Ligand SMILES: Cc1cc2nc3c(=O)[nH]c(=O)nc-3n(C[C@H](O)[C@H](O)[C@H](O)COP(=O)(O)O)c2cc1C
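In structure tokens, one chain follows: the form predicted alone.
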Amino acid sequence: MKIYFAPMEGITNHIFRNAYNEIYGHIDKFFTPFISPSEKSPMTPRERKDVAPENNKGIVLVPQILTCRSDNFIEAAKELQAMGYNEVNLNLGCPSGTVCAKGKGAGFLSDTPALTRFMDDIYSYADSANLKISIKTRLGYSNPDEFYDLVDIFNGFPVSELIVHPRIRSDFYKGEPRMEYFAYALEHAKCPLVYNGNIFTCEDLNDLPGFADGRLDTIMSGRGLLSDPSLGSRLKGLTSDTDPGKFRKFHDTLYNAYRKIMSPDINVLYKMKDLWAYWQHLFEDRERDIKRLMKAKKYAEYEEAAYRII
């Protein structure tokens, strides 16, 4: 089975990816938080730094692009190819209100004629440039039945992989994934499929359509892998990686790396607290210390609480 690490804006940057890959591993592909090209530039300096090959050594990385303009997509793809990337991913899943209001991410799913024209353009370019384009999508914008037409559209193009998060935009990340629609994709999609959504335990794999009979062999996880860094090895049936020393090394690697590039204290602590919002369930017996950690405003306060926990 292959495991992909889903992109999570503000969290799964190159510092996080390198630390995770070194300490836990077992990830077949990492996907970058989305690059949002504009008329002025295909990438911001921060985005360019995040995808720079020298900052992602030993990692199989797929840059993700968020746009509803094919010319901007192609310009970003050209720059990424110049860096050595032969695959990019189109974001059709982001449910953010500001993103969708601009017709991007999941907001693009509501305008299938425009989406089809967009895909005509980018896949024509991909064919001429020998570039793979995968897609990460939701079922639709406002109704899951939109997915039936979307599958027909995707089937008209050489999509290298279709990553399906079986929720609609208004679901955000709440409620149960709509598995019956992923089952439909297994029967009708012509390209390789990847399942994404609510994989937090090994048992969750058993509920996935196509997993038991081998039709599904690739999954993507974001919140699950972030909430429990040892999950990847367990999903692959390897050692549990529950050694607390490994988690502390992961924490310290991230903490020290952010201290080197960010200031003042509070900015680093905001970054670490974003991670602890996912990690805290691993330490349910340390609730008081976690509350102290979340209130910390200086390194000393943070460290006193963190090292009582880990």
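We number the residues from 1 along the sequence you see. As the structure is a computational prediction, the values presented were derived from the model and not from experiment.
Omitted here: the form predicted together with the ligand. The next part is about that form.
Check Lys102 for me: does it contact the ligand in the predicted complex (non-hydrogen atoms, 4.5 angstroms)?
Contact with the ligand, no.
Against the ligand in the predicted complex, would His188 count as a contact residue? Criterion: heavy atoms within 4.5 Å.
Outside the cut-off, so no.
Report whether the minimum heavy atom distance between Gly140 and the ligand in the predicted complex is within 4.5 Å.
Looking in the predicted complex, residue contacts with the ligand do not include Gly140, since no heavy atom lies within 4.5 Å.
Against the ligand in the predicted complex, would Asn196 count as a contact residue? Criterion: heavy atoms within 4.5 Å.
Contact with the ligand, yes.
Within 4.5 Å, heavy atoms only, which of Met220, Ala77, Val159, Ala106 is in contact with the ligand in the predicted complex?
The residue from Met220, Ala77, Val159, Ala106 that makes the contact is Met220.
Counting any non-hydrogen atom inside 4.5 Å, which residue from Tyr258, Tyr278, Phe247, Phe30 sits next to the ligand in the predicted complex?
By the 4.5 Å heavy-atom cutoff, the listed residue in contact is Tyr278.
Please pick out the stretch from 48-56, 31-39, 281-289, 260-268 that is in contact with the ligand in the predicted complex, where contact means heavy atoms within 4.5 Å.
It is the stretch 31-39.
Going through 129-155, which residues have a heavy atom within 4.5 Å of the ligand in the predicted complex? Please give them in sequence order.
Residue within 4.5 Å: Lys136 only.
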